[in-house]
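Here's a solo chain for you in structure tokens, the form predicted on its own.
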């Protein structure tokens, strides 16, 4: 049995909130930089150059890459042989978020009730997902999610007969309908299978996967590549002003489902695809 103190969890979550909002992961940075060479539109090239400059300023000056510093989404993978010492684990994670967003001068965007809409003033509570696994590992992935792209999310309960062509249509239509509203270039997270809520979770988690990798299932990998090519022919382009670079990547995750259904969820993230992981 391994013991992890909640004070360590609080400190790490606090630091992760700030780091994720100040600097993008290396794969996203490289994709934005390399996209300038492929971009066909002059205004698109200019926008990508501005995004590159914005990233550098944010990193050097320790300021948010985007003014929407998001709602903190946290994925916890916890070994069943881990003992948490101190306060409740959920409380500790939320305390880390509170400290990170307060001390990091990050925008507080969470309201206490979707109807009353009174700001909680510390960006809590976060959205926390737990996955209990064998062993004594403890991994936290934090992904601040802005709502310009979040509002463009889509779930469709397809029939099995709709097949792979139906899946393609859902994804492409979602990107087309989002247009400039998701702040392209985007990363497209897709969840296929499971149930209504499971496919949504898959699509969210897909956004945290390194965009230099593909799904391990060969035909899903092929689908990721095909969808990225088709999305980049929509001429939405950087900032929605036309061009080739509408998406930087399409990440798909799947899960077994019922014989009578084929749920599909699309969760897009703008170019500020923030996520960071730490193993405690």
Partner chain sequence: MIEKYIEVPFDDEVVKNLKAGDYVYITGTVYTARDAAHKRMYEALQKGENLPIDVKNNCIYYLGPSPAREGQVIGSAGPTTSGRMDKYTPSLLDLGLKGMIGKGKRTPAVIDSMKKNCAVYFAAVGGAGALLSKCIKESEVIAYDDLGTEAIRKLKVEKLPVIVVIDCEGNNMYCIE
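Positions refer to the first chain, counted from 1. Just so we're clear, the structure is a prediction, and the values are computed from it rather than from any experiment.
Keep in mind that the form predicted together with the partner chain is missing from the display, and what follows is about it.
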Notebook entry, point to check: in the predicted bound form, does residue 213 have a heavy atom within 4.5 Å of the partner chain?
Noted result: no
Checklist line | Contact of residue 151 with the partner chain in the predicted bound form (heavy atom, 4.5 Å) | finding: yes
Next item on the list: Find out whether any non-hydrogen atom of residue 26 is located within 4.5 angstroms of the partner chain in the predicted bound form, and reply yes or no.
Entry: no
Margin query: So in the predicted bound form, is the partner chain close enough to residue 165 to count as touching (4.5 Å, heavy atoms)?
Written below: no
Checklist line | Residue stretch of 90-98, 173-181, 194-202, 71-79 approaching the partner chain in the predicted bound form, non-hydrogen atom distance within 4.5 Å | finding: 173-181
Checklist line | the partner chain: the contacting residue among 61, 37, 229, 222 in the predicted bound form [heavy atom, 4.5 Å] | finding: 61
Next item on the list: Enumerate the residues of 14-46 that have a non-hydrogen atom within 4.5 Å of the partner chain in the predicted bound form, in sequence order, or give none.
Entry: 22, 42, 43, 46
